[in-house]
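Below sits a lone chain in structure tokens, taken as the form predicted alone.
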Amino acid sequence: MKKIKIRPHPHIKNVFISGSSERPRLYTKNPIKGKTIYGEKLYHDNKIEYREWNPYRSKLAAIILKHPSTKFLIKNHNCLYLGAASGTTVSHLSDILSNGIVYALEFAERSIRQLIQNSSERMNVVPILGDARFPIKYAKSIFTNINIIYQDVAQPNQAEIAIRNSDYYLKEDGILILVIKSQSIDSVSKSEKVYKKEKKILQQAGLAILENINIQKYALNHTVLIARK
């Protein structure tokens, strides 16, 4: 374990940085000392252990490094995460939303097994095996209001899935973070055309687009829409 000077993020509680403000490295506090989730590096500073947050492995880290103006990571908020995979980003969300709950939905059985294993010691993570296309089917697993929906699913109808889940779960004034992978929607059309189409679908459903964040530096053919219900 390495020692490094780490300081709080200037705008996001429970997120930490090191290095220059122009090229920061991200971290979250590690609640289970000595344990990693995806081989991330551990550091300590002033007797606190931190996990490095890799933007090439987590699109949410990439979003933060692009300095969004919307404040959506609040420690007592509850998040529905659609497309949780094995729990890389879920684990960091668990660190940040320390007084909230992360409902982590995953469709693939192999990934959900890994997710359960990775989150077994995290009391604020609820793994759910389910299909994001059918939000009513996992309603019995969600027992609080949802402040944030974070969606990262490789499906052709990504905006429609986001709308269905927002209609069913997201509270008024809640935030939707939609990670759009253009190649999963249309592998022939130009990415910008795909992004505009998905944005229009959200707007027609009554969601207010707050920001459009390009994260292609970290994830090829990906952009992010942040919207408010």
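The model shown is predicted, which means the values in this text are computed figures rather than measured ones. Numbering starts at 1 and follows the sequence shown.
One more form of this protein exists, namely the form predicted together with a small molecule; it is left out here, but the text below deals with it.
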* Does the small molecule come within 4.5 Å of any heavy atom of R133 in the model of the complex? -> yes
* Asked: So, in the model of the complex, is L105 in contact with the small molecule at a 4.5 angstroms heavy atom limit?
  -> yes
* Is S111 close enough to touch the small molecule in the model of the complex, meaning at least one heavy atom pair within 4.5 Å? -> yes
* Although the small molecule is absent from this view, report whether G83 comes within 4.5 Å of it in the model of the complex, heavy atoms only. => yes
* V153, I149, L73, A159 - the one with a heavy atom within 4.5 Å of the small molecule in the model of the complex -> V153
* Asked: So which of H44, R57, K197, R164 gets a non-hydrogen atom within 4.5 Å of the small molecule in the model of the complex?
  -> R57
* Please name which of the stretches 24-32, 198-206, 169-177, 57-65 has residues with heavy atoms lying within 4.5 Å of the small molecule in the model of the complex. => 57-65
